[in-house]
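Single chain ahead, written as structure tokens, the form predicted on its own.
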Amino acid sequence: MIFFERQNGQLRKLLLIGISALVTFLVACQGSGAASNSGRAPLVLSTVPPLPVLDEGEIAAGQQIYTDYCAECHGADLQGEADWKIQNEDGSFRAPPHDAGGHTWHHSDAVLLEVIRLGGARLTEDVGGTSNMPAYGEILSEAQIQAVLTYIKSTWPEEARQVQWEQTARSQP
């Protein structure tokens, strides 16, 4: 028993010395930051610009375009096809939802705009399925395609919009 008490006491001393050394090191590093930086710019962690405000006019235009071109497959309320995660018998993917319950907000603007422009033609053979989505790049203008995406984003809760915006900001050069 005395042996264990002696070891515990020594262990406590070592732990206190270690913690004290770590605190001293951290304080010293903070205090010498400017001197040790040698005039270089401070290290800046990746920051994402603030979440953009969506334009109301673009939302309204996008909603109309969505109704005209997208709602037939993706649903009037952006709910997608039933069982959208299950492929059709022919191997094609079903139309996914674009509301917050789907996965659209997990992708950057660049990816989503490419999906609208190229439709199913964007999928490579290694994806494991096809898509019947038409390519809208020749049907809609870039402004119309952007308006559809803006409308879709306007339906998401702020948390989903923030995640999607971070994806977009990180993917930009």
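What you are looking at is a predicted structure, and each value in this text was computed from that prediction instead of being measured. Numbers follow the displayed sequence, beginning with 1.
Quick note: we don't show the form predicted in complex with a small molecule, though the next part is all about it.
Asks: Since exactly one of Ala60, Val48, Leu123, Ala110 fits, which has a heavy atom within 4.5 Å of the small molecule in the model of the complex?
Replies: Contact residue from the list: Leu123.
Asks: Hey, in the model of the complex, does Gln64 get a heavy atom within 4.5 angstroms of the small molecule?
Replies: Answer no; every heavy atom of Gln64 is more than 4.5 Å from the small molecule in the model of the complex.
Asks: Taking 4.5 angstroms as the cut-off for heavy atoms, does Gly80 touch the small molecule in the model of the complex?
Replies: Gly80 lies outside the contact set for the small molecule.
Asks: Even though the small molecule is not shown here, does Cys73 get within 4.5 Å of it in the model of the complex, heavy atoms only?
Replies: Answer yes; at least one heavy atom of Cys73 falls within 4.5 Å of the small molecule in the model of the complex.
Asks: Using the partner position in the model of the complex, report whether Gln146 sits within 4.5 Å of the small molecule, counting heavy atoms only.
Replies: No, Gln146 stays farther than 4.5 Å from the small molecule in the model of the complex.
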